[in-house]
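One chain is shown next in structure tokens, namely the form predicted alone.
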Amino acid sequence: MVSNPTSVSAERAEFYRRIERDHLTPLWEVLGSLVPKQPDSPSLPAHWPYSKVRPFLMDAARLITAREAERRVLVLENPGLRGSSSITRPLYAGLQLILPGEVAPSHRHTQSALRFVLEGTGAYTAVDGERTTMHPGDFIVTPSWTFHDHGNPGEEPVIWLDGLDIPLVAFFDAGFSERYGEESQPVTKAEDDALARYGKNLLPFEYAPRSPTTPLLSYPYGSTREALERLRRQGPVDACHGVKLQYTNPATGGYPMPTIGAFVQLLPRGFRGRGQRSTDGTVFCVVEGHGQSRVGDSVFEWGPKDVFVVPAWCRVAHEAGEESVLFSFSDRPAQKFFGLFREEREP
């Protein structure tokens, strides 16, 4: 006997209504979206030209102080994730501005953070009693649950890119924050103390890490750029990435943060990279040069200080009209820890 499809459909609909009252739902109706044949990210390729975003930051400076805002930041929100304050599903990004004479008050939170300096000198970030002066191209780390504040005793505005694992921490319902008792934490260490202790391929005797996060506070761009240039001269140049390095935790050789990896790459003049894709959605920031990146069906023409995002499992290929440097960060460490990371390269 052949069942009547109309009757079966009506019975199923009635069954669904009955189980819904007890907060049950049929897996077979959603299995394809829960376990897809390949990653299907809602994130979209997006590009934020610095020339368009910077005037908005300056408008924000007229409307609200760093103290009022706590952090004067314009969030780079993925157009496929509007309302989520996310640039990829696991990561947050924003552009922060601090004017001369301002202080962004001290607080701490369970989210890990990075700063990549875009414009201006003279401002500082303070983490656990140590200050580091910001310079364009510097990569600065704020470990989870460490008090930190920013100040600008200099004479020019300073702008940097913030990257945090806010959405990932929210997924685990593990977000906590706390304000420091005063606007700024006391300075208890000399500037570059962490660099002297951990940044010279040496560690203090019998050093035992207290955290999976790097003990280095800052990775100065001068030494990073020098390393890229030496490797460019000595070769080889990777067909997809040019000359690419990852920032490391000097105590472990691993990533600088347990949830966020950071990278820097040099694209030689005339470079035309092959396409590749990976499961970690990646945020790119242009440090030097001009070029373009093909991200899925989009083509982004970029220049210094521009930011663009490559969603998970989306093809990207970089080209450089002149020698260029790109900084990037992603959730690759977390994916590798859980055994989820995959990548593909075009031959």
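Numbers follow the displayed sequence, beginning with 1. Source: prediction; values computed, not measured.
One more form of this protein, predicted together with a small molecule, exists but is not displayed; see below.
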Quick check: do Glu119, His135 and Thr224 each get a heavy atom within 4.5 Å of the small molecule in the model of the complex? no
Quick one: which of 203-211, 190-198, 101-109, 249-257 gets within 4.5 Å of the small molecule in the model of the complex, going by heavy atoms? 101-109
Taking the small molecule in the model of the complex as the reference, which of Leu164, Ile87, Leu217, Leu97 has a non-hydrogen atom within 4.5 Å? Leu164
Considering the small molecule in the model of the complex, which of Arg277, His148, His241, Arg131 comes within 4.5 Å of it through any heavy atom? His148
In the model of the complex, does Tyr92 have a heavy atom within 4.5 Å of the small molecule? yes
Is Arg71 one of the residues lying within 4.5 Å of the small molecule in the model of the complex, judged by heavy atom distances? yes
